[in-house]
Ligand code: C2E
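Only one chain comes next, encoded as structure tokens, the form predicted on its own.
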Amino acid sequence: MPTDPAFRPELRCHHGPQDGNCARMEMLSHDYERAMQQQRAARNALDEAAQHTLTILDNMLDGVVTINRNGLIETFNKAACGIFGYGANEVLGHNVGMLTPEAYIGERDPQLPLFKTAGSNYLVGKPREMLGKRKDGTIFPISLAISKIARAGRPTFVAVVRDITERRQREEEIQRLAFFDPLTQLPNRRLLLDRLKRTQMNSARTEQHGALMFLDLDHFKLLNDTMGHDLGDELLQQVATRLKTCVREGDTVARLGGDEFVMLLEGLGQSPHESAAHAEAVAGKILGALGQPYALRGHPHESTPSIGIVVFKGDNQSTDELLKKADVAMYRAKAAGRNTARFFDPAMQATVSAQAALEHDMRRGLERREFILLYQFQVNAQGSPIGAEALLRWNHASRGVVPPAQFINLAEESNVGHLLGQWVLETACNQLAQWADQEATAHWTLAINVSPSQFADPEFASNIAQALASSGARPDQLTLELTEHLLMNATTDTQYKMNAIKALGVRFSLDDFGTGYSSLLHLQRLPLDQLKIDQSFVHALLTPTSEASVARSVVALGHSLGLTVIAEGVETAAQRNQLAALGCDAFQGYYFGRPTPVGELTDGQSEYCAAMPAGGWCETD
């Protein structure tokens, strides 16, 4: 039957009402009218249902977006318009990706592009929180739930979106109130204890020490009583700001209440004394920062802290115990006159205090030129001097000569080591230049020790080039002695740096060889010129031990790699003769001369040669 409303058959009956054909035509006309009425009613019902559904959707608080299987938006309700800032006509037919921030797609949800481009089932039935993007580019948090329905045999995705910005803000505010101090925005006691417990667990696993520092402002109550709590609060806020600049990013600064602050330091090292030194350095930085004048709403003010420190490793102490120990140490700092730091462990405090005093003396000693270089002969197989090794000594103004073992390690752990190393380098180059002006010493080489921290300096190669250029010393007469332990974990950077220095003409000697576990591959790759047999193997040379064979192996290994071999710590003629029989190229030790000032070294050269046994060791070829 035709369904076109414009179609209407013209029915005329010419033979009277009794004609059967006419009756049938009348019946068809009535049927047609009823069908059209039913169709109009059905269409009106559908329109009303659609309008009803649209009204419901437009009055929903949540945004509702329908997307086809190609990711194109088909419907966009009023709430979605309000959430994203688009009019419906601006998004219909466009990819749903316009509602998500591109910068976050790969980082936050790698599966989202599948949904954006092809209508993946991945997100269906799995409510989640993610980020949306408004028309103005604003990024904001949303809650998203997606359902999949069939429409005319085609899959359609229905996304229900809710803006959860306010909920997130409430959650963050609850979090802030629960775990942060409202005045300074620092972690409070609750969060500090949680982080301290976690740090203790990490310490037990890594065997790294941590430190807890308890800080109290000196005479803070007097400020509150005389100037008012408003200025007191201002001081606390400024103190909090300064404290955060004194610690590393991974450390914690917390406020317990009043004028009490706590610093939690992590990963300070496996050595307790080294860790204490790090904590002491942080405390010194804090004392300096908090000791600077304050401006409290136009009022000048000075304040100092007292700091208690406890160093810990593992989780064998409770968090309360550690806080109590740090608190006790803080009161010791108060008793010591305030504006200072004290350790809970008296022995550790004594060690750190002594080290701090020694470091201060080293800096002052550099300024006062208390450090000197002594020189020890290095001789060839004939016994003729071929150069010397420069050895650092400290002639303290009040302590006298300080043995290297008492200050070298401490210098290496502080910035003083770098300053001393640079001074040794410059002094050695100047000495080489002076020897070059004298015929008897013009051919001498000079070896200096290089510390790990000095070698690690990115400017080390350029410092050497500058020292050589300013002194006029010949690069091939300068030998840098690197320890085997320094090169055990040689990296590409190590090799690159050594090659850069080698390009200047400087020579490398591997010191203390045999005491570490150098890789033969490293020895082949690194630009070495010399191996130095450690004195422990020289002393065992004439004893019936397995170590006696090490010297023989070192000589053979060095020669096979094209390196010269020198032995240190040679004290007797028997040791020298045995080493010479093994093919050792050069020697150093008390048998040939003790470390001496440079003047005595050159003045005593003829005496040294005269004292050598017959056989012409001082004679040149």
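One-based numbering along the sequence shown. The shown structure was predicted, so the numbers you read here are calculated from the model rather than taken from an experiment.
Omitted here: the form predicted in complex with this ligand. The next part is about that form.
Q: Please determine, with the chain shown alone, which of 31-39, 578-586, 563-571, 550-558 has non-hydrogen atoms within 4.5 Å of this ligand in the predicted complex.
A: The contacting stretch here is 563-571.
Q: Just one of Q422, T441, S451, Q355 has a heavy atom within 4.5 angstroms of this ligand in the predicted complex, so which one?
A: Going through each option in turn, the one that passes is S451.
Q: Tell me, out of M130, V158, I408, A88, which residue has a non-hydrogen atom within 4.5 angstroms of this ligand in the predicted complex.
A: Contact check passes for I408.
Q: Taking 4.5 angstroms as the cut-off for heavy atoms, does L231 touch this ligand in the predicted complex?
A: No, no contact at 4.5 Å.
Q: Classify E280 as contacting or not contacting this ligand in the predicted complex by the rule of any non-hydrogen atom within 4.5 angstroms, answering yes or no.
A: No, E280 is distant from the partner.
Q: Determine whether any heavy atom of S462 comes within 4.5 Å of a heavy atom of this ligand in the predicted complex, and answer yes or no.
A: Outside the cut-off, so no.
Q: Though only this chain appears here, would L392 touch this ligand in the predicted complex if you measure heavy atom gaps against 4.5 Å?
A: Contact with this ligand, yes.
Q: Would you check whether this ligand, in the predicted complex, lies within 4.5 angstroms of a non-hydrogen atom from each of Y496, Q524 and P527?
A: Checked in the predicted complex: no contact with this ligand for any of the three.
Q: Using a 4.5 Å cut-off on heavy atoms, what residues in 283-310 are near this ligand in the predicted complex?
A: The stretch 283-310, when checked against this ligand in the predicted complex, contributes no residue at the 4.5 Å heavy-atom cut-off.
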